[in-house]
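One chain comes next, on its own, written out as structure tokens in the form predicted alone.
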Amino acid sequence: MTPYFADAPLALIIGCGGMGTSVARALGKRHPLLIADIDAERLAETVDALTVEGYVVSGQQCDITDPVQTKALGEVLANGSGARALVHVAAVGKSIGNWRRMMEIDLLGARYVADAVGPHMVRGGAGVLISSLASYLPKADAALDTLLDDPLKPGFLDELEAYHGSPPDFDWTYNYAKLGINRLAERLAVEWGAREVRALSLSPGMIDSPMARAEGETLPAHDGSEGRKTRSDKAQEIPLGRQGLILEITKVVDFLVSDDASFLNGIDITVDGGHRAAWRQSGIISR
């Protein structure tokens, strides 16, 4: 027999890597799940594993940079009970090998998903867009903010390259994309608010995750010195003196989409062990 809540509004998880799957396990305790990912094999394995564990879950292959495929996600929600939660986790790092493709996935993809899914979020619902502490690294600049606010504008990538003064490296591509994510969540909070649907971004700091490990053992120094630091050395910048865990992000996401957070809207939540505070005190960031 199918559980009674199988027809309730969904929790839609975009991306089924380590963090996405962890979030699915948490939200699936209260909601039926729809998981979207570009990797059909990984998606099928994730859906099968969660089904065996007792979750009500389905999957849909989706390239989030394709507006036709993201529109199809919205159609699934329109033909069902809508979505109570949207958690957008999908992102890539330098391993993608092309800064333009990286920006398309990390920022434009989130915008396509929000446009497709937003109209089908139900009253009391919430969207959480996973950002990064790196979103605070670009200097405060109204021109940059205006540029990132319209990533679907024709010529956006060319304008960003011109703003940067050269093709941005992968670190700066990520920084810009995640700043764009924060600003997208802020705009969605206003756009969706009249329907009592909330939107937030969540910026993890250094997290021990499969994606982080895949990106290598070094990170930009950010302290004015040239070169890079090992992850273990970089962790010493964090007041708590360690990297975070995926579960420490998952628990915050679970809270943010719940009714316990019903008046939190339009802000970025940094889950970073105090790393942003240390950066601000050191003058590394101005945001």
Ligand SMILES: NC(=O)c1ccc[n+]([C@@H]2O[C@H](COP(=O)([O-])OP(=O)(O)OC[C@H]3O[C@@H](n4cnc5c(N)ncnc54)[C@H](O)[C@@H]3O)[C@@H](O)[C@H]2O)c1
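Residue positions are given as counts along the sequence shown, with the first one as 1. Since the structure is predicted, the reported quantities are computational estimates derived from the model, not experimental observations.
Keep in mind that the form predicted in complex with this ligand is not shown, yet the notes after this line are about it.
Highlighted residues 71, 188 and 200: none comes within 4.5 Å of this ligand in the predicted bound form, counting any heavy atom. Not displayed here, this ligand is kept clear of residue 238 by more than 4.5 Å at the level of heavy atoms in the predicted bound form.
Put simply, residue 207 is close to this ligand in the predicted bound form: some heavy atom of it is within 4.5 Å. At a distance threshold of 4.5 angstroms between non-hydrogen atoms, residue 112 is out of contact with this ligand in the predicted bound form. In the predicted bound form, at least one heavy atom of residue 132 sits within 4.5 Å of a heavy atom of this ligand.
Stretch-level contact analysis of 138-146, 90-98, 116-124, 160-168 against this ligand in the predicted bound form, using heavy atoms and a 4.5 Å limit, identifies 90-98. If you take 103-121 and check each residue for a heavy atom within 4.5 Å of this ligand in the predicted bound form, you get just 105.
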